[in-house]
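In C-alpha cells, the next block holds one chain alone, the form predicted on its own.
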Amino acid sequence: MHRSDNRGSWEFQPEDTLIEKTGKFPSSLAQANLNGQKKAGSAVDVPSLAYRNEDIMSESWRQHRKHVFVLSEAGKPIYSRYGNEEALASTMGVMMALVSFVQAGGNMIRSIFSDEHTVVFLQKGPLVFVSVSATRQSEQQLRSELLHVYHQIVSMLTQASINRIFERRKNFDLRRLLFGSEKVLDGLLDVMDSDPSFMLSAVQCLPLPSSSRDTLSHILQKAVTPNLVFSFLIANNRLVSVVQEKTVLEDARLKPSDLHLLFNLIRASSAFQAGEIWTPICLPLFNHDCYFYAYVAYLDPPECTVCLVLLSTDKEAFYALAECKRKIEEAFASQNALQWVTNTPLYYVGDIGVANLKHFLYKPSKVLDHHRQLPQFTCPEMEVAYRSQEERIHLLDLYRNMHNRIHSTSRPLKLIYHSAGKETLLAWVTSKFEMFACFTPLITKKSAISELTKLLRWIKKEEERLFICQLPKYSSAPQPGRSSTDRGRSDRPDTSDTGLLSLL
C-alpha cells in the first residue's frame, strides 16, 4: 500500500493475508535473520513457565496485584498474565458473557468496582482486554495499560490482519499466530509497573553532553540509504539519539508509545544480542496497518548495552542497512565515540544538592522547537531506599496516584502536597513543565516548594545534557522501481517460517 498522503514519500509493505486454502498462517513478523544468513529460529529462548503453569485455584494466583486477560469476541482465550489460558477458558467465557449482555442493551461495559478490586474492560475490534487490579490505579490508568497491550499485539500482527482474520473466522484461535510472544506481553506488563515512561507518555534520554550527542547524531545522519526512515541509538533502554527522514510530516510523527513498544520487544529476547536481526515491526500509532523493517544490532558485544535500530520501508534492504551499520561503527571507532555512551555517568539526587529530596520525575512542555515530536522526561537513578522491585513499584504507585489526581478530568489541579507516611510528595504542573517529587516525610509544603525551585534551576542548567534538544534530519530518496503495492506471492513472507516470534 503506497501511503504518500500523510506518510511522506516512502512505500509501506502491506499487511500479509491469511492463507485459508493451505491452512498455513503467514508470519506477519517474517524472515528475521541472524547476520543476514542464519534464521533467527535457531536462537530461540526458552520462556519461563513459572506463571504459565500457575494453578488458578491457588491462593497465590488470587493474590497477584493485577491480572490481565485477552480474549476474542467469541470468548476464546488469547493471553493471561498469570495461569494457563486453557484453564481460564471458563473464566474468560464469563467475561465475554458480561460484555455481550451489556452490549445487547445498547451499552458498553467499561468497569466494575468492588471493595478490593477494579475490573476494567477495553474492546478493540474483535479483541477484548480485561484488567483485574487490586492496586490504587485509576480506571483511566488501567485502560491505558490495556491499550499498550493491544498496541504490542498490533506491533506483531498489524490491526488490519487481526480484523481480517476474525472477519473470516470469528472463532479463530489467535494464539496460533502469537505463540512464543507471551514473554513480550509479560515483559511489557512488568515494565509498566516500574517504569514511569508509560504514565508520563514520554521517553527517557541518556544524559550526555550536547556536543557528544550532536556528534553521534551527525554520524547517524551520514549513514543513510534509500527508504531508511528512522535511525535510533539506544543504551540501557534509554534513547541516546534519533534522526529521521526529512519528509516525515508533522501528522506522521513518531509517538513515545511506539518507542516503548520497540524497546520492550528488543528487551524481551536475548536473541537480539546474538547478531544482526532483520524483522518486520508495525508501529501502531504511526501506521497500524503496515510494517517497517527493522535492522537491530548491538554495537558493544558481548556487553550488549548499546543498540542500533534502523527502520526501513524496504523489505529487501537488509544488506544496505548492514552497510550503514558498518559505516557507523567505523565512524564511532575513529572518534572513540562508543565510549562516550558506555562511560557516561548517570546522576543521583545527591549530585543535585537539594535537601530532603529522595527522587523526582520532570517532564518539560517544550524542549524541541516542535516538542510534540518527542515528549521526554528525566529522573535520577533510584537511591538505596528504592532499589528493590517492590520499592520501585511502591514509589511509582504514589506517583500514579498524584498523576491521576492532578490530571483529573472532573477537577484538574495545579499543585498537590501529600504526606504518605514514609515520604512526602509534591506534584506541580505549569504551562512549562510537569513535576512529581518525593521528599523525606517531615518536610513542610513551603520548604518543598523552595527546594523544587533549586531543582528547577539545576535542570535548566543541565537541560542540554538531559534532553535531546534537536531532531536531526536527512534526505533519503526511495529506491526506484520498487513498489509495495505488489501483492504477489514474492512479497509475502515464507509461511513456513515463524518469523520474529521465533526469537521469543
Partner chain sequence: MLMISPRMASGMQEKQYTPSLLSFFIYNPKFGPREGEEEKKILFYHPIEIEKNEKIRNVGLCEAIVQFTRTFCPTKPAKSLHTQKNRQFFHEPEENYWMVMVVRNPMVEKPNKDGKPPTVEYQEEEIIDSVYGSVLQQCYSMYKLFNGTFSRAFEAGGVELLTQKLEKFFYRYLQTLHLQSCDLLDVFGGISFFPLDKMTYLKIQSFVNRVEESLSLVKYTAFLYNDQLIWSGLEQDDMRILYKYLTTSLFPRHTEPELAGRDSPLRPEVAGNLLHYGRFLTGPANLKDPDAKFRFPRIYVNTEDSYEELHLIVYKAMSAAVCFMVNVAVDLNREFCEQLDSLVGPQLTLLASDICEQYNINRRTSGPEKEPQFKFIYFNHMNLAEKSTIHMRKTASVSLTSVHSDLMKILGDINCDFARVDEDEEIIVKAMTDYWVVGKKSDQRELYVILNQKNANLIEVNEEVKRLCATQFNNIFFLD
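Positions refer to the first chain, counted from 1. Just so we're clear, the structure is a prediction, and the values are computed from it rather than from any experiment.
Omitted from view is the form predicted together with the partner chain, to which the following refers.
Just one listed stretch, out of 350-358, 176-184, 333-341, 108-116, contacts the partner chain in the predicted complex at the 4.5 Å heavy atom level, and that stretch is 108-116.
Taking Lys325, His418, Lys76, His288 one by one, only a single residue has any non-hydrogen atom within 4.5 Å of the partner chain in the predicted complex, and it is His418.
Checked against the partner chain in the predicted complex, the candidates Ser201, Gln140, Asn237, Ser194 yield a single residue with a heavy atom inside 4.5 Å, and that residue is Gln140. Taken together, the three residues Arg52, Lys363 and Met435 all stay farther than 4.5 Å from the partner chain in the predicted complex, as judged by their closest heavy atom. Contact check for Arg62: a heavy atom falls within 4.5 Å of the partner chain in the predicted complex. Within this chain, Leu147 is remote from the site of the partner chain in the predicted complex, having no heavy atom within 4.5 Å. Mapping the unseen interface onto this chain, Leu98 counts among the residues with a heavy atom inside 4.5 Å of the partner chain in the predicted complex. Among residues of the shown chain, Pro209 is not one whose heavy atoms approach the partner chain to within 4.5 Å in the predicted complex.
Contacts between 62-83 and the partner chain, taken as any heavy atom within 4.5 Å in the predicted complex, involve Arg62, His67, Phe69.
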